[in-house]
Structure formats: structure tokens, C-alpha cells
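Only one chain comes next, encoded as C-alpha cells, the form predicted on its own.
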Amino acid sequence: MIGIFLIGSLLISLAYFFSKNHLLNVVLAFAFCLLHGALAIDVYIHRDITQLVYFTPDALAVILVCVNSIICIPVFYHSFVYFSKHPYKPHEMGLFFGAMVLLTASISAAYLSNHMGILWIFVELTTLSASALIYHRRNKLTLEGTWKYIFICSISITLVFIGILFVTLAIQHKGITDLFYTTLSENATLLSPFWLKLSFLFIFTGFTAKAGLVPMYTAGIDAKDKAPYPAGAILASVLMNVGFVGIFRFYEITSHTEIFAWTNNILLISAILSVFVAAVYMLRVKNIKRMMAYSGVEHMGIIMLGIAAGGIGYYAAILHLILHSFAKPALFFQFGQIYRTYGSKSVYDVGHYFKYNITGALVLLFAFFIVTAMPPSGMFVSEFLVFKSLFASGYLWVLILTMILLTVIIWAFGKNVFKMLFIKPVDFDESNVTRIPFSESLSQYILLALVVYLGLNPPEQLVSLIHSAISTLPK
């Protein structure tokens, strides 16, 4: 099925490049969502069965492919809404949807990859396809955002490649002849600790560009700001998960070696700095999309804290990753409505949102509580478990510092959100306000409801998959 999915996605993407018919565009989007859904069902049924040599749908891959297949439905829906309000030439629309299909397919293929080289290839494909989405408006600002994204991601993917080369040195003279993650995990104790340390440093640093972590988090901030909001929803959720997968798969290898404690320290440092950076910028930023982007840096930092702490933190980190993947697209979809109402990305230009779009305002208010992990958010559960793991592991000072930084972030985020909801905007002409139908907010309510449900009452199948995904890590 993976082969059919890859070939089908490529054909649909090519069809989009040549399509100039709106009805055909809708049919192709429907076909791709069905194809992606079929892939999710297939990998769930055939879990841990290798396909096409290089793809093995383990538990983590199954979870993330299923998440991606759910997210792509509202992404395509809101993409059509976006084009209905921002007319473009047919070939420009085709380029956008073709790149969207390639990006979504490359993300799922990266999740499923069981080989370091194949994962590297698909991560590079996500950079190329995402760049086409970022540059969609074709102006100076989007050009700047695109070349920054390509430049930083090119450096990051080069660092990952260097890390892979160091892995080949680590396996020299050990009788290991391939770079499959399963093979490396089984023979982890045989690998040279020195070369393994160098490999982890380069691979981790490289994948932070996709994951949105310090030090290379800047790649995604401009990208999410400059890309159209449906593309921003993907960049802020399932694409960040690709970076996590790249780090996590190599972390599984090091967890069976003598450098395990050292790798945890690296994760811990990056996680703390990521939450700190998010707190600092959330105090200053007034661009709504950048505010949402820095929120993602915070949450990825929390996820890495859970991994570094271990124990229940492993479970909490994967659960938090899933919930964040549903919560953040809801915010970006809502931004599309905010921009249509006010014509601005600045917090200063937005206000009295309840007056102009009550259903959208309720989404924004609900999303604030969800994303800041306040009850009834399911992310409250996952964050609490991360804090519990930090306490149990003896990282009390990290726990206290993180809670202080999160308090700052909640205050900064809340100040801006409540200003947008309740304070009257300055010099705003409300005579031509666009009325947003409830149907456009429905997908956001569903996504946020999923965050609540999956956090407070996770299905047994999901819990089993998460435990399976972390089963190889030290208890």
C-alpha cells in the first residue's frame, strides 16, 4: 500500500500542476484524502511489517500517519476557502495544491522510513515542497521568508548528512553493513561511543530546524508567518513531527548505549532554551501568526523535557505531540477568519472579535485554554505528566524554571488574546466587515474537541500504540 500511496500522490500532484478546472481540483483533493486515509488504515492493520524494504510502520509511525490523514482533510477544505476569498490564476492554484500534496505525502513517508538515508531524502522533499507554499504570494516578503527557510533547512539537512556519515564511522569494523534503524538499535552496544556522540550532536541539531527547537527553530517562524494560513497549519503541526521523528529514532539507538545520560542532557538543554526563547518572544511579539509559531517552540520544548526525564515522561511526550498536532491547526485556521475580518496580522488592529464573529471568537477563546494547557484541555494532562516525570527524575530546578516560564507565556498569550476578543480596535471601519459563516469554524471545533477527548479519555488503541512506541526505551 505504501508504494501505491507514493505513486498515487505523485500522480495527483502532477495532475494539479496541469489542472485549470475547479471541479477537478476538488475531485483530486477528495481522492488524495481518501488515499491518505487508506494508507492510515493499511499501516494500522499491517503494523511492523516492512514494505518496499525501507518502510516499516511501527507504532509511532502509525500514530503520526493517522494524525496526518485527519489533519489533511480540514487543510484542503480551508485551502479552497482561502482561494475563494483570494483569487489566483488557475496555474498558481494548481502549483499550491500540487505542493501541498507532495508535502503531505513526504511527511507520511518520512514517518514510515526505517532507513536513515531514506528519511533524509523525504525530509529534503518536505523542504522543497514547503518552500513552494511559503512563496505562494510571490512578493518581497514571501521571497525573503522562502530563502531564509531554504537556507536554514539546507544547513540543517547538511548537518544531518554529516551525522549520518559519522554513524558509518561508528559502525566500522562491527560487521554492520546498513543504516536501518532497527539494525542499529539491535547492535547499539557495539557502536563507537565517540562517533555516536558526534553523530547525535549533528543529527539532533539538524532536525531541530523541522522540530522547532533551539538552536535552529528560526527556520519555521518566518515560514509559518509568510505562508498562507492552511499551509501554516501543516508547518506548525505535522511537519514539526517529522523533526521529532528524526530525533526520536536516533535517540532510541543511543538509549541502549553508555552515552544515554549524555544525550538526555543535550535534550534537556535544548528543551529549556526552547521554552525560554518562546517566553521571551511571546512577551514582545504582536504578529498573531508569529505568536502561534512561538507557541509551537514552547510545546516542542515541553515534549523534549518529557523524553529527557524518562519514565511516564515518554508516554506524556508522545501524547502531547499528538494533541499539539490537532490544536495548532485550529488556531491557524481561525487566523484566516481574523485576517478576513480585520485585514491585518497585528494584535493592535484586532479587537471586539466577539462582536464581528461570535463563532470564531469562541474558537479563539477555547483554543487559548487548549493551547496553554488549562483544563479542560487534554494538554493539561500531558503537561502534568511531563512535570511528574521531571519531579520523579530529580529535575526539580528544571520543573520550577519551566513552570515560571510557562506562567509568563500564559500571561503574554492571554493578554493578546483577550485584547483581540474584548477591547475595541482603533480606527476600525466596521461598515464593511466580512461575515464568516459557522461552517468555516466547524473544523476548528472538531479539532479542539479531539484535544480534549484524547487527553482526558484516550482510546485503548491509542494508549496501546503509545506504549508500543516507547517500549524499547529504558524503563
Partner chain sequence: MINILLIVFTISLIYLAMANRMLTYIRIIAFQGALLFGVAFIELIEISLPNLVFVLLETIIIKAVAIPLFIKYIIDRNHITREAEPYVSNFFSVVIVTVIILGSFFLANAITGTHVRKIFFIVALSSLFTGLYIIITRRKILTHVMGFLIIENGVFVLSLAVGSEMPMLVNIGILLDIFVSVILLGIFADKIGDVFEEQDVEQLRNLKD
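No experiment lies behind these values; they were computed from the predicted model shown. Residue numbers count along the first chain shown, from 1.
Keep in mind that the form predicted together with its partner chain is not shown, yet the notes after this line are about it.
Taking the partner from the other structure, its partner chain in the model of the complex has a heavy atom within 4.5 Å of a heavy atom of Arg284. Of the heavy atoms in Phe161, some are within 4.5 Å of its partner chain in the model of the complex.
Proximity of Thr177 to its partner chain in the model of the complex falls within the 4.5 Å heavy atom cutoff. Within 4.5 Å of any heavy atom of its partner chain in the model of the complex lies no heavy atom of Lys89.
The candidate stretches are 302 to 310, 369 to 377, 249 to 257, 151 to 159, and the one lying within 4.5 Å of its partner chain in the model of the complex by heavy atoms is 151 to 159.
Interface residue among Ile358, Ile269, Leu143, Ile404 relative to its partner chain in the model of the complex, by the heavy atom within 4.5 Å criterion: Leu143.
Note on the partner interface in the model of the complex: the residue among Phe335, Phe276, Phe202, Phe122 having a heavy atom within 4.5 angstroms of its partner chain is Phe202.
Proximity of Asp349, Trp397 and Ile400 to its partner chain in the model of the complex is absent: no residue of the three has a non-hydrogen atom within 4.5 angstroms. Residues Phe194, Trp195, Leu198, Phe202, Asp222, Asp225, Lys226 are the members of 190 to 226 with a non-hydrogen atom no more than 4.5 angstroms from its partner chain in the model of the complex.
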